[in-house]
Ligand code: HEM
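A single chain comes next, written as structure tokens; it is the form predicted on its own.
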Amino acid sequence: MNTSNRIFLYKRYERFWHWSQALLVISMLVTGFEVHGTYHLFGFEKAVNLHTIFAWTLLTLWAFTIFWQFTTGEWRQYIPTLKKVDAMVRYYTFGIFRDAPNPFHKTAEKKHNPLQRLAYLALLSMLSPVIWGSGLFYLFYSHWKSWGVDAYLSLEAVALVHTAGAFMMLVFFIAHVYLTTTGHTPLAHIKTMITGWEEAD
């Protein structure tokens, strides 16, 4: 690895919102599963209050981040593409275990490989609506009657949908963390997200 060949990938705000989002997602998973009754850590009432605070904080962070993405043009990084998807699938299923070269090389203009782009599309278009939709209905349960939805929804069903979404987010999070270890060293990608600089071939 030629450590002198470095490219700057992640701006300061990019790194800030990435790590802030990670901390908030972990905090929501911890408090959310306690609300579900999986374990006892903070106590039910405190876990509910913390979970709600973390949720509103994350939505606020997203609002600022969406504004930043569109004003800087970074939203283009997430445009889905099928180009080289088959190569990336082969790499992650076989090639990576045979020390094959990665078919995708990051640049400041293209930071995410095709599979990452599709994963983020699924996260934003399917998983996020499930989690946030059910979470907000859960949070505003006392307003159901005035909204006229109390005859169509049950709190138990909404809670189950929200919990299913949480498990899907946990799977996504675990896969995301695993993929951070697939650089030229196990901590290379994490180091890049801390410093902004990537060591490239």
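All residue numbers are counted from 1 along the displayed sequence. For clarity, every value in this text was computed on a predicted model and none was experimentally measured.
Not on display, but discussed next: the form predicted together with protoporphyrin IX containing FE.
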query	finding
Of Leu61, Ala166, Leu153, Leu50, the one that lies within 4.5 Å of protoporphyrin IX containing FE in the predicted complex (heavy atoms)	Ala166
Position in contact with protoporphyrin IX containing FE when the complex is considered in the predicted complex, options His143, Lys46, His176, His36, heavy atoms within 4.5 Å	His36
Three-residue site Leu9, Tyr78 and Lys106 fully in contact with protoporphyrin IX containing FE in the predicted complex at 4.5 Å by heavy atom	no
4.5 angstroms heavy atom contact with protoporphyrin IX containing FE in the predicted complex for Ala157	no
Residue contact check: Met193 to protoporphyrin IX containing FE in the predicted complex, 4.5 Å heavy atom	no
Contact label in the predicted complex: Trp132 to protoporphyrin IX containing FE, heavy atom within 4.5 Å	yes
Contact of Phe172 with protoporphyrin IX containing FE in the predicted complex (heavy atom, 4.5 Å)	no
Contacts with protoporphyrin IX containing FE in the predicted complex, stretch 19-37 (heavy atom within 4.5 Å)	Val25, Met28, Leu29, Gly32, Phe33, Val35, His36
